[in-house]
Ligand code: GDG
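Just the one chain here, the form predicted on its own, laid out as structure tokens.
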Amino acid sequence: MSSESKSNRLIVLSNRLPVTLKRTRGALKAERSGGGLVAAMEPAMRQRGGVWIGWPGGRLRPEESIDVEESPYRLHPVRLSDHETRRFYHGYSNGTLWPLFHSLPERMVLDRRNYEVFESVNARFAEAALEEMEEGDLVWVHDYQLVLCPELVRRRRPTSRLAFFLHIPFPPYDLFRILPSYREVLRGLLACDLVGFHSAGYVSNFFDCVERLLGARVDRERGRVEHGDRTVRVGAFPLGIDYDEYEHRARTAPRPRRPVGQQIVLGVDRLDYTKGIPERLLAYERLLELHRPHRGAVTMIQVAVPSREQVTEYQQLKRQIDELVGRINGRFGTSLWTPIHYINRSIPGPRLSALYRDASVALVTPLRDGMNLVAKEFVASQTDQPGVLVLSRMAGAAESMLESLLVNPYNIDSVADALHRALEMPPDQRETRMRALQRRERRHDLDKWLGDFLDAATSSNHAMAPVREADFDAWLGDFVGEHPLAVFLDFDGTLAPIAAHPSMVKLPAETIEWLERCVARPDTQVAIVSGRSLRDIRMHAPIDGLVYAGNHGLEIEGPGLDAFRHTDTAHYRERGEALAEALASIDVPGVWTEQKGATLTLHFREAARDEHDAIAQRARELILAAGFQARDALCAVEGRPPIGWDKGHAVLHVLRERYGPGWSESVRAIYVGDDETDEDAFRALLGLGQTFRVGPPTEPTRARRRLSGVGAVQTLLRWIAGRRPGRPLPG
């Protein structure tokens, strides 16, 4: 394969392959499937070639593969057991993510076992992608079932090109945070170079979530998210349809006989609780109650294609619809007129096109929908006298199809009124609205969606500018106001870049300058909180006026404070020396132990990378056996006395001793740190202060926001030094 062809290949991942498997007399046959995703992706796959990875929808025997004649791309089946299908697809994908993303959290099923299988199946899809990928390929992951996949691929292939498109809504922050695995889902999406949604509203929801739940920096104007050392592009790519195809089908579809003057109200949906079918039927019933002339003159045709028939909720939904149709028909029907024609099956394309073409009104009223292509298919099929589209405001299509009559699907009276207005609308108004809709949908068709997304996915992704003082003004300005500031800073990896050996760490001259300016302000106290010994941290940051908290706060000194030494440290000093001797048994090049009195740290940064996990595990075992607490740090394991004291306790001690028990009323606290030991301080200041974690976003954090590195911390110091004067520090 030439390098040029390699650069154009697509590796598509979706829950289902674009085929339906059928067995006849023991032989396996694969037939092309319908559906929006297949229709959307087939043209690109045929043009560019590549591999489509997905579940085949049934069981394959070990020796079987799937081949489709005359296909320019291959199919790679991911085989799932019945147990995996139940837990991954029905359990977590459609029992948890589907209702939450459609803003129906009361329907969520939360079961840890479902999520564990969801994780493992996503890993299988990622492994399939890694098997198929070649240099220059674009890996395009589709939809909510595979949200964890991109991060799993990125870990193994850091330079791969990854894109994701979500075909359903993305919920607002207040709902999304209900999800226990929200961090994993967001990190999965942010592993991509491009994340696409149907509408600007979903993009805004996503920005809210990554900013407020992960503390990521976002650029809403340019559609960017800073995720560690990578910039992720985020955009709205409204999915269109093959407009010309639907228009052609409508012109050539058969013309069934209907009574003269009879108007048709059409609903076409998959049988799903998000589609609002019961509410729609009630709105039609209200129309007949309020407007007697429509009785006998307006017929509703509701097509509900069966879906997930084995799921109890969907069985209950079908019974509810059956009962509503029976009641309404029994209440208003006559020997010559049946109010509702209910079709509970899929119908052939020509007949559907005829229904679209001949309907006076399309009633498209989902409770929530990512886009809703039925609305677009109806518009493209209106080749005769134009009808009217009544569209739910809760559908993604509502953002652009403004010439439709937009309704709240939950408001039955409002939908009935809109339906009456549509049925009574003068022909010239129908014409004006429909032609405007048709012009837009013809321009924004499937080809445009595909072209726009692929152009964005393959274009250069410009990195966000470094964090600016204006960013900190937005993040901290209202919080700080005119209050004095208490600023707590870790040292290694926060103020000073990490070095191969702690003795080689040096505080940058610029950082020293801004620290001195901050300390000189009468409204600002600055403390360094470090795992280093007090003596060591004083030597590395010799700045008058600083508060120093060494050994994770076991020893504290500084202006306005009585010197503090935790009373239990002396008891553990000798035991710490014995533990250091035990750790010396880890005789691996590049491993050494830093003794700090009652605490110590085993460092392995200079050891071979493939030995890190084993070294850390052995160190934890020895530390625990000695009766110490083992805490992971950056390429290190720390041993601490089990005395219930950490950086969080140290920060609260300084604040209480310096400003009293009600310190939060008189001073504003900020803490900045870069590793697991700083999480104790983040936890202690939850709801009380502003916190920042420095470094890559690979680990979860309780910090409010993330900063990319030492340079961003310098910018924070510049902001603090240059902010407007506040009230002097109390005391």
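Note that the rigid core is defined as the largest set of C-alphas that superpose within 1.5 Å between two forms. Not measured: the values here are computed from a predicted model. Residues carry their position along the shown sequence, with the first being 1.
Absent from the display: the form predicted together with the ligand. The rest refers to it.
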**OP:** Using a 4.5 Å heavy atom cut-off, indicate which stretch of 167-175, 556-564, 222-230, 631-639 touches the ligand in the predicted complex.
**Re:** 167-175
Subject >> Touches the ligand in the predicted complex: residue 218 (any heavy atom, 4.5 Å) >> reply: no
**OP:** Would you please decide whether residue 98 lies within 4.5 angstroms of the ligand in the predicted complex, comparing each non-hydrogen atom pair?
**Re:** yes
Subject >> Close approach of residue 87 to the ligand in the predicted complex, 4.5 Å, heavy atom >> reply: no
**OP:** Tell me, yes or no, whether residue 198 is in contact with the ligand in the predicted complex, where a contact means a heavy atom of each within 4.5 Å.
**Re:** yes
Original post:
Pick from 491, 548, 604, 246: which has a non-hydrogen atom within 4.5 Å of the ligand in the predicted complex?
Top reply: 246
Original post:
From the list 161, 157, 540, 270, which entry has a heavy atom within 4.5 Å of the ligand in the predicted complex?
Top reply: 270
Original post:
Since the partner is left out here, which residues of 359-390 would have a heavy atom within 4.5 Å of the ligand in the predicted complex?
Top reply: 369, 370, 371, 372, 373, 374, 377
Subject >> Core-superposed comparison between this form and the one not shown, residue 700 Cα displacement 2 Å or beyond >> reply: no
